[in-house]
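Take a look at this single chain, the form predicted on its own, given in structure tokens.
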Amino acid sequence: MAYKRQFYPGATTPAVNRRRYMDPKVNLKKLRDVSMDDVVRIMGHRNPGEDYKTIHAPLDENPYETLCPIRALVKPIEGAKSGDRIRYIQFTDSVYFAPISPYQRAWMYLSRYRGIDTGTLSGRQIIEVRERDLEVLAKEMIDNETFDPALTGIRGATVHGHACRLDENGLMFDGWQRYVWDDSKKEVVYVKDQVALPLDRKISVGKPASMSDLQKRTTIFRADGVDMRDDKEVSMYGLRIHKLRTLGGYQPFKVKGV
């Protein structure tokens, strides 16, 4: 029997969304179209139209690379072929029903993309990859259903705020105010890049979703939304693992009857 890849258990909305976001065969819904030049401006690594900086010669110009057995096995991504430097983008996801959360971003990135390095912290997820590949990935993530203008922040530094209450317009707190509410258009605009350097002009990332829509799209289990305990298939494994880890530490086998 052919191996069938598994992603996540459960039948509740957050469980189904986790499977969808992780499965590379699922085309995620595109909700907006931020131009590539504006994505580049928000990331702040280079100016739109500027050449990519390199850290080594293109692979096909290095005669010694042809002797590498790994090259025969692994197809290089475009940035690696060209010798691009490695850059990053970092997303902060609110605990208030953001479409996705940091550790699920890691699952999704590793399932959908090649040549990446990613790391999870409490409320944010960094992804590092060759620069031209990063820009394509970043635009996909900003345009699709895993991003919400109010509850997802692009923050390269001073990222805290994911657990603070939302403001009067439903925006997640950002100490550097990289994005603000445009009351005339009823949408969110970026006025600073991801490390809080002022932009030459405002960049719109669109209108926030309604809370009812967000609760349908989210991967987050919450007591005031869908509780993990409501999904027996999820709680059978997830809550048991958490309980064993909490009670038993490095010796969960010593915990009886759990």
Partner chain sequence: MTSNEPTVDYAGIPLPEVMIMTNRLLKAETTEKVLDALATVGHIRQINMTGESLPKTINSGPNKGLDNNHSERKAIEFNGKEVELRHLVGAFYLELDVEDEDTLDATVAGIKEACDRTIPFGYDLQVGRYSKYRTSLHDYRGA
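Residue numbers count along the first chain shown, from 1. Since we're looking at a predicted model, the values are computed, not measured.
Just so it is clear, the following notes concern the form predicted together with the partner chain, a form of the same protein that is not shown.
None of 71, 81, 160, 185 but one reaches within 4.5 angstroms of the partner chain in the predicted complex through a heavy atom, and that residue is 160. Listed residues 36, 59, 199, 195 were compared with the partner chain in the predicted complex; 195 is the one with a heavy atom within 4.5 Å. Stretch-level contact check against the partner chain in the predicted complex with heavy atoms at 4.5 Å: of 106-114, 169-177, 73-81, 123-131, the positive one is 169-177. Within this chain, residue 164 lines the site of the partner chain in the predicted complex, having a heavy atom no more than 4.5 Å away.
Annotation for 74-89: no interface residues with the partner chain in the predicted complex [heavy atom within 4.5 Å].
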